[in-house]
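Read the single chain below, which is given as structure tokens and is the form predicted on its own.
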Amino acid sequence: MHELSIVAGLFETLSAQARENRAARITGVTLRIGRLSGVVPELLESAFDMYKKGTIAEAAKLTVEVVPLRVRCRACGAERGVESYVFLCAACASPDLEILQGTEMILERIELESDDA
């Protein structure tokens, strides 16, 4: 389960950002995960929930936004979303496709709170 190592790396970033911003708590984290990234959102959420116990992010809510797969045909220039894993251009049937989105993993947002009034 490589999601646990991803979460461990994520928590390094979260902790550094919390320190840098003098935050007392992390209350929310939003990730954008591409459909073809190799990350299973449910396993990532489970690993996050296990890892956050006893940390500055113990009460944090993880939101995972799944980014759909989108391709462009290099032969004819057509762009489209891909629902099934048939990698042929719908317009010209060329297999020469460029992936435009759907492989990314982005830390989109961190919500921090401080104890300051």
Partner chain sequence: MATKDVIVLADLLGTNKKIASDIRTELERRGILAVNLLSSPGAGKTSLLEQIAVRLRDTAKMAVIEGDIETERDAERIRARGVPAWQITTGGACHLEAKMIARVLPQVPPESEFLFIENVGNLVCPASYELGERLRFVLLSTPEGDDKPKKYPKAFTTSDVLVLTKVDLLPYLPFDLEKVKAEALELNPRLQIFVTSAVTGQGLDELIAFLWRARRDLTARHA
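Only a predicted model underlies this, so the values are computations on that prediction, with no experimental measurement involved. Numbering follows the first chain given and starts at 1. Just so we're on the same page, rigid core means the largest C-alpha set that superposes within 1.5 Å between forms.
If you look for the form predicted together with the partner chain, you will not find it shown, but the lines that follow are about it.
For Phe87, a non-hydrogen atom is located within 4.5 Å of the partner chain in the model of the complex, even though that partner is not displayed.
Contact check for Met105: a heavy atom falls within 4.5 Å of the partner chain in the model of the complex. At a distance threshold of 4.5 angstroms between non-hydrogen atoms, Arg70 is out of contact with the partner chain in the model of the complex.
For Ala75, no non-hydrogen atom is located within 4.5 Å of the partner chain in the model of the complex, even though that partner is not displayed. The contact residue chosen from Val64, Ala91, Leu36, Ala59 relative to the partner chain in the model of the complex is Leu36, the criterion being a non-hydrogen atom within 4.5 angstroms. For Ala16, the Cα coordinates differ by under 2 angstroms between the shown form and the other one after the core has been superposed. With the core held fixed between the shown form and the other one, Glu104 has its Cα displaced by under 2 Å.
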